[in-house]
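The data below hold one chain only, encoded as structure tokens and taken in the form predicted alone.
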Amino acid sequence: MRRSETWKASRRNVLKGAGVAAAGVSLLPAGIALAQGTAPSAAKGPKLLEMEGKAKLIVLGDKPLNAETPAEMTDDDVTPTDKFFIRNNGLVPDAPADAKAWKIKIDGEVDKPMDITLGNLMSRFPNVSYKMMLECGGNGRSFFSPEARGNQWTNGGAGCAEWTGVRLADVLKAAGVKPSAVYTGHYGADPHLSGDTSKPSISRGVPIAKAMEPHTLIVFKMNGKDLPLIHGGPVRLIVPGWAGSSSTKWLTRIWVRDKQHDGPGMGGFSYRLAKTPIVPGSKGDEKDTVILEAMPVRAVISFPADGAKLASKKLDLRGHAWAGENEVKTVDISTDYGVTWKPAKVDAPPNKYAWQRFTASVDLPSAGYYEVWAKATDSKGVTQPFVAGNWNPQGYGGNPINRIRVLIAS
């Protein structure tokens, strides 16, 4: 199949992705649920994604299409493309007939504005590959009480793929960033939900220091293959460790600005946290907010699955943990509701911004029902809370300790 035909097929698959199917997942009796840290139970089961080339992710919304990865699908050291979560703010654009002809504009506070094709970008600048986290800013939103606005992500709006691209810093240096540069503004080709192609669905940016960080990339490959359309292909940004909304898909423009960017998604309560703690469920004050940047520390158990029925009292656990700009130093496990904790083994990351594998072996005292809790602590000493705190209207920063349920056969 020719490249153009592959892209057209991808477009058809994306459009087909709005189709969903219902299925039940819990193996435990109905009515047994957790207050925090795991996916809420649904009587009829979640809606599952039906899309060629993608696993059966849990669909949180059809327009725009958003789907999270069940915890048991996050067990790979590098998240396979088919299991990677989907996050959109607008509509999926048409695939280009020639991906290498795709153009990206670099303008604003630069000495030499650029209109560069993807093909030129790939050949002109050094190509690098890193395993790095991408995480939706609303990951963990479902754990807030009362419910915050937006898609009710549990812990599945995150994944660690291997991304190949060029350093944004190299491109900006070639354009000649002026001393007046303060912030970037990112634009993509995804049309607004209204269908108005002249109106951006979202346009966020980052401080120049983060844009120049050597792991911030313009990427065109995911796990060694051409970046799929649904994940922003043919070219997107990866701003690792920070809210994924800054990692613009279908990248068309980087506007270097002399002030903080003010595009759609930068104002109001969008991707912002309350400076002064507010009463949960209250309106809040847009002026008393700060931009969400680095994502909080989080550990997620990937094996066994929540609701598993097991024959052995010896419980071998696996999972991943990550911490935004920081490294995870410890992960602790409890099987007695936090009365006692046992340290897990935590592997070093393969590179900065990659998640870290943790493993633990726990001997349970008898058959019966148990909750297994996991909490991570980062290199700054910040640990996960027992509940999602610092409530905000759009539910950012919810990272309570992860909890799963298991039933040990008698």
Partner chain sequence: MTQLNITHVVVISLTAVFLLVALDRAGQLRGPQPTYTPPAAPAAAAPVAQIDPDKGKPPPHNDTVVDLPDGKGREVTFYTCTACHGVALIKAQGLTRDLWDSTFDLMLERHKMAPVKPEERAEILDYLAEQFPPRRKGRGGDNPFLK
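Positions refer to the first chain, counted from 1. The shown structure was predicted, so the numbers you read here are calculated from the model rather than taken from an experiment.
Heads up, the form predicted together with its partner chain isn't pictured, but that's what we're talking about next.
**Student:** So which stretch, 197-205, 288-296, 178-186, 124-132, is the one near its partner chain in the model of the complex (non-hydrogen atoms, 4.5 Å)?
**Tutor:** Selected range: 197-205.
**Student:** Can residue 145 be called a contact residue for its partner chain in the model of the complex at 4.5 Å between heavy atoms?
**Tutor:** Judged by the heavy-atom cut-off of 4.5 Å, residue 145 is in contact with its partner chain in the model of the complex.
**Student:** Within 4.5 Å, heavy atoms only: does residue 60 come near its partner chain in the model of the complex?
**Tutor:** Residue 60 belongs to the contact set for its partner chain.
**Student:** Even though the partner isn't displayed, in the model of the complex is residue 169 close enough to its partner chain, meaning a heavy atom within 4.5 Å?
**Tutor:** Residue 169: no contact with its partner chain in the model of the complex.
**Student:** Check whether residue 94 has any heavy atom within 4.5 Å of a heavy atom of its partner chain in the model of the complex, and answer yes or no.
**Tutor:** Yes - in the model of the complex, heavy atoms of residue 94 and its partner chain come within 4.5 Å of each other.
**Student:** Looking at 304, 150, 241, 156, which is the one with a non-hydrogen atom within 4.5 Å of its partner chain in the model of the complex?
**Tutor:** The option sitting close enough to the partner is 150.
**Student:** Quick check on this chain: which one of 234, 265, 108, 324 has a heavy atom within 4.5 Å of its partner chain in the model of the complex?
**Tutor:** Checked against the cut-off, the match is 265.
**Student:** Suppose contact means a heavy atom within 4.5 Å; in the model of the complex, does that hold for all of 225, 311 and 360 with its partner chain?
**Tutor:** Negative, none of the three is within 4.5 Å.
**Student:** Can you name the residues of 176-195 that have a non-hydrogen atom within 4.5 angstroms of its partner chain in the model of the complex?
**Tutor:** Stretch hits, in order: 192, 193, 194.
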